[in-house]
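The chain below stands alone, shown as C-alpha cells; this is the form predicted alone.
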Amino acid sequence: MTENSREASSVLAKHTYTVSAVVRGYAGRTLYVNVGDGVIESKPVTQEMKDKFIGGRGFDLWLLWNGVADDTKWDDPENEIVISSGPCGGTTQYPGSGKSIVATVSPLTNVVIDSNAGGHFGPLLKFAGWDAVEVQGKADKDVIVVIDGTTGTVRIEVAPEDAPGDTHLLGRWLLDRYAADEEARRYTSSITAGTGSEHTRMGCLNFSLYDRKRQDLRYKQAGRGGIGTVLRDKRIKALVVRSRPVKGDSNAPADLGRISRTGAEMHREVREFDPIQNRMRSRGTSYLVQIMDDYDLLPVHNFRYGSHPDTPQINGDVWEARFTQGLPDGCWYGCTIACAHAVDGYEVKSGPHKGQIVIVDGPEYETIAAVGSNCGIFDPDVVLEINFYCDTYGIDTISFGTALGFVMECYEAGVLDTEKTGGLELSFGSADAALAVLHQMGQGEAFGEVVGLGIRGMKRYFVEQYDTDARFLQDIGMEAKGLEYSEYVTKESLAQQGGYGLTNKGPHHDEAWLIFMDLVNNQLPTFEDKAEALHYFPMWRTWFGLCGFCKLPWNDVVHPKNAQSAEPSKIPHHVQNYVEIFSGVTGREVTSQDLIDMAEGVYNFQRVFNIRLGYGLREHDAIPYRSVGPVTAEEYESRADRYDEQLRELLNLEPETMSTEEKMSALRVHRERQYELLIDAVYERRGWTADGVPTLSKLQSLGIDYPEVVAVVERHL
C-alpha cells in the first residue's frame, strides 16, 4: 500500500511538525495524542521540567499528574500511557543507555505504575523530535499511532482487520508496513501488547528492536503493573516510531569527549572483569539462578522454600549453552555488557502458534525463577515455551509465575480442585496445566480468566466464591499494593522486606535490592543502617529511570578497586561515571549528591501522586506474611534449626518445650513487630510522617511544594 492510498483509507488524524535537532539530550517538546477525539498536539518542555523532573520517569509522572483527575481509574479514558527516555537515553558511548520508561494508572494497583524496558523505542522517539509521548482517550476501533521523524508527521490510523494480534506476528507485520528497506528497519521501533493483554490485568508492553545480525525483530518488555492491559483497553494496536539514523552525537551533548573518555574506561572494565565476575555477556541475568539457590533465596513452590535439588537443570550453565548468535547481543547500540540474549530457531510446541519457528528473547532470571522454580517446573523447554507465549500474548512473566505459584499452593491446600479449575490438576510441577492456563489467559477463557485477575483479584474471588479463609490467602498471596512479587525469598532479610513493601509501585527489584548487603554480608545490622539503605538505593535507582539508564552497568560489573573504597556497596567510581555522563550530555555540572537530590524530588512526588489517587499511606505498605516468615508447619520445619535458634537468641524461648504452631506464632509476633519498627525508621529517614506522608518541609526542601501537591498532603497531616 502506498503512503497516499493508506492516508485516503485509514488515517483518522494527522499532525505535521518540523523535526528539530536534539540539544544537550533534549528535543525540547513532548507529544500528546488522544486516540478518542483525534487531537494531536505538541507541548513545550520547560526549564522547570528539566530542572525538577529531569526526563524519563520524571517527565512521565509530571505529564500523567496533569492529565488525570483525583478519581481516575485505570480504564477511564483520561488515564494516560506516558513514555520517555531521558536526556542520556540514546547515548552510544556508555553501556546501558537505551532504556524507555513508561507510566500509567495500573489495573493491578490502582496507583501509578512505572516500568522500564530496553529496545529502541525511547531513544528513537527522542531522535524523532519528542522527549515523551502521552497517549490518552479510547478509540472506538483498533488504531495504530505512527510517529515518523523522517517525514515530520504523526498519524492515528485505523488498524486493518487482518493485522495479527500477537506480538511476534504483529511486530513483523508493522515492520513490513512502515519500514520498507533495511536502513529504515534499523531506525524503526514499535510497542505492542498481544491478546493476553486484552483479557488479563497483567498485560505487558513489548518494545521492539531490529537485530541487524539476525535481520529480524526482538523484543524487550515493560512488564510490571498491567500497562499492556491499558494499551489494549484504549484500542491501541501499536505505537510505531521512525527516526533518522542514530549517530554518536545524536544527543548533541555539551562535551562529547568527556562522554567518550568515561565510556571507553567502562568498556575496558566490562571486557576485563565480566568474564571473571558474573559473565553477563555470555549468560545475561540467568547467572543469578544458581547463586540465589546456593543462598536459599530462590523462590520455590510459591516462595515457601529458597532452594531445590533440580535447580541445576535451569541455571546459568543451561542458558549459556542455549543462547545463540554470540557476542555482543545487547538491546541498544554500544552496550558492551550486552546481556539481552536470545534462543534462535525455537519450535513452538503448544497453543495457537504450534510448529512455528521463533526467536525467544531471554529468559531473564526473573522469568526463570517465576515460571520455573516458583512453580516447581525445572524443564528448560517448558520455561522457554512459557517465556515465548507470555511475551507474544503480552503477559508479564513475573506476575504470571508468581500468580500461578499462588494458584498451585491453593490447589494443593484444597482451596481449589478440578471442579473449580475446569479439570486442570494444578499441583506444583504441572507443566501441561501451567501452559493450559496461559493459553486460556491469552484468549480470556475458563480458569485462565480468573488467574488473569492477578493475586489480589483472585484472593477476593476465592473468598467471595468459595468462602475461603481470607487470612490464609493474604499470608500466602505474594503481592503487595496489588503487584505480584518479583523473585527473591525475603524471610531472612528485613531490609529486602522493606525493599518490597516500602515502595511506590509495589514489590519489584528495581527499587532496592538489598538481600546480599543485609543477609549475606551483614552490612546493615541496625534499623538506622537499613533505613539509610532504603533511602539511598531507591533514590539512586530512581535516577537511572530519570535519565534513560539501565542499572546493570552500575553494579553487575565492578572494578576490584571498588572494594577499597569507603562505601563499596555504593560503587563510588561508577557513581562518578554517571556524574561525568550526565554533565557531559546536559552541560549541567553536578555532584553525586545532586543526582540523589534529583531522584528524591521525583520519588516524593510519586508518593504524593499515590496519595492523591487514594493510596500511598502506611496501611498500603503492608506485605504478606510469607515474605516475612513461615506460614505453614511444613515451611517452618524445613528450616527448623534456623528458626529454633532465633527463638532462643532473640526471644529467650525454649523451642524444645513448644509445639510447631506455638513456635510459629511467637516468631510471627516478633517478625511482624520488626517490620513495623523498620517502617518507622524508614519514614523518619525519608522525612515522612508516621503514616507515610511526605511533610511540608520535605516538599519545600525538594522544591516540589506546588500548590496542588501541598493540597494533597495537607489533607493527611
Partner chain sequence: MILVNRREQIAWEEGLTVARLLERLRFTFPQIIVSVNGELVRRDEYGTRAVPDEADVRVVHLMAGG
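Predicted model, so just to flag it, every value in this text is computed and none were measured. Numbering follows the first chain given and starts at 1.
Another form, the form predicted in complex with its partner chain, is not on view; read the next lines as being about it.
J.: With the partner left out here, if you bring back its partner chain in the predicted bound form, are 278, 513 and 568 all within 4.5 Å of it by some heavy atom?
T.: Spot residues vs its partner chain: full contact, yes.
J.: Based on heavy atom distances of at most 4.5 Å to its partner chain in the predicted bound form, which listed stretch, 448-456, 413-421, 428-436, 292-300, is the contact stretch?
T.: Result for this chain: 292-300.
J.: How about residue 489 - does it come within 4.5 Å of its partner chain in the predicted bound form, if we only consider non-hydrogen atoms?
T.: It does not: once its partner chain is placed as it appears in the predicted bound form, residue 489 has no heavy atom within 4.5 Å of it.
J.: Taking 4.5 angstroms as the cut-off for heavy atoms, does residue 557 touch its partner chain in the predicted bound form?
T.: It does: once its partner chain is placed as it appears in the predicted bound form, residue 557 has a heavy atom within 4.5 Å of it.
J.: Although its partner chain is absent from this view, report whether residue 531 comes within 4.5 Å of it in the predicted bound form, heavy atoms only.
T.: Residue 531: no, not in contact with its partner chain in the predicted bound form.
J.: Hey, in the predicted bound form, does residue 254 get a heavy atom within 4.5 angstroms of its partner chain?
T.: Residue 254 lies outside the contact set for its partner chain.
J.: Name the residue from 343, 169, 179, 517 that puts a heavy atom within 4.5 Å of its partner chain in the predicted bound form.
T.: Going through each option in turn, the one that passes is 517.
J.: Which residue, 147, 81, 288, 266, is the contact with its partner chain in the predicted bound form, using a 4.5 Å heavy atom cutoff?
T.: Looking at the other structure, the residue within range turns out to be 288.
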